[in-house]
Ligand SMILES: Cc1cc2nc3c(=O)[nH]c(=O)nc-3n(C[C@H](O)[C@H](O)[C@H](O)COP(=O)(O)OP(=O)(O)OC[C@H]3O[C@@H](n4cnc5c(N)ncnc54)[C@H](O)[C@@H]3O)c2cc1C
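Here you get one chain, nothing else, as structure tokens; it is the form predicted alone.
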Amino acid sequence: MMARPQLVLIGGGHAHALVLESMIARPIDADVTVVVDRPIAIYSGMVPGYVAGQYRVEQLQIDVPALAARAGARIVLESARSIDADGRRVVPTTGEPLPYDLASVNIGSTVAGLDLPGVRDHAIPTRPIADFVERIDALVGDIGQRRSSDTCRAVVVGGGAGGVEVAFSLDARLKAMAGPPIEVTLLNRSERVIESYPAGLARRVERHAGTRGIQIRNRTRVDAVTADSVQLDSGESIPADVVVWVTGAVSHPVFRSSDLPTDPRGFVRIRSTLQLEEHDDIFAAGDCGTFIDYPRTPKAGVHAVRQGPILIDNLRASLAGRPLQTYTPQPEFLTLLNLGDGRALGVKRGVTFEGRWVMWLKDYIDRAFMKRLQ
């Protein structure tokens, strides 16, 4: 009797959650092992709402071991140290290597600039996202206990979509408390916020920031963070009681420890079939990969969700020896930004819009996605 193929899923990101969901309804012809460094995965789309106090923490959580058990998969609670492509093994931080016939990676990304002086000691990075979520309540509780006469200055570093949502959501959460006066500043090194999105969306962000007293500083680079300030490359020092680090994406160390093809930022290079360049037996989805044919594809969670059905189909096809499908990233997709106050901004095909109905739409989409996985 021939041994069953071994499929190893590295990471519990959105695409792998959809793979496991698919296996519940239709088992895959392989022994499946899921390797994750922690049992609970966080749905990133609802994190700004959690920061704003709109959701409970359990509403963001995907219980990966429970999902894996329902899918008939084995769980290994370990970090993957490296992928030995020649030996076809996943090497965990501890424990025995895991052999595979097929492997798939969906581990997301981390934030850039953590090695700048003081950032690890004094700033709160938004990745790993589970750590960020754990620190938010402690942060809010600490600020709530401060003397009401002392202004609390929160600085958010990073002017992309994530930085904008965190700045607005944190502003809403802190100002809703009976605590000290709040000043929120968003530091952005580009010419304007959310530079990769239409200018109309940026204008809406700037207008709402002005109305709510959130200061946006463009063309601003951070050199260091101290216990009570953010140091800029201009020599200016900005007072800061709280610093949240929401800078651009960089790859996880696992790829630096593996002999795999990567782009200049360390992300694995993937083909449109989601297979790694030069490796037909390794797939990758979500932020951890860069498309060879579409290198400018944004690191956005929507792509991981949309890659999920293609990934599960191609894993099944690889096991059966069938042709694989290809994934073509949409040049534009629906983007919804939570402003933390019951309203949201949106853009689709260059058309921007806003209002409470937009937040209702975002909430409906997010809850529907989580209902499938919880």
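In this text, residue numbers run from 1 along the sequence as written. Note that this is a predicted model, so its numbers are computed, not measured.
There is another form of the same protein, the form predicted together with the ligand; it is not shown, and what comes next is about it.
- Here the marked residues V19, I282 and R322 all miss the ligand in the model of the complex; none has a heavy atom within 4.5 angstroms.
- Interface residue remark: T126 is counted as part of the site for the ligand in the model of the complex, having a heavy atom within 4.5 Å.
- Although the partner is absent from this view, R189 stays clear of the ligand in the model of the complex, with no non-hydrogen atom inside 4.5 angstroms.
- The ligand in the model of the complex comes within 4.5 Å of a heavy atom belonging to V166.
- Shown alone here, V254 lies within 4.5 Å of the ligand in the model of the complex, counting heavy atoms only.
- The partner is not drawn, yet in the model of the complex one stretch among 308-316, 31-39, 344-352, 322-330 has residues with heavy atoms inside 4.5 Å of the ligand: 31-39.
- A single residue from the set A172, V205, A80, V184 has any heavy atom within 4.5 angstroms of the ligand in the model of the complex; that residue is A80.
- Listed residues I270, L201, V230, A304 were compared with the ligand in the model of the complex; A304 is the one with a heavy atom within 4.5 Å.
- Contact residues in stretch 38-70 (any heavy atom within 4.5 Å of the ligand, taken in the model of the complex) are R38, A41, I42, S44, G45, V47, P48.
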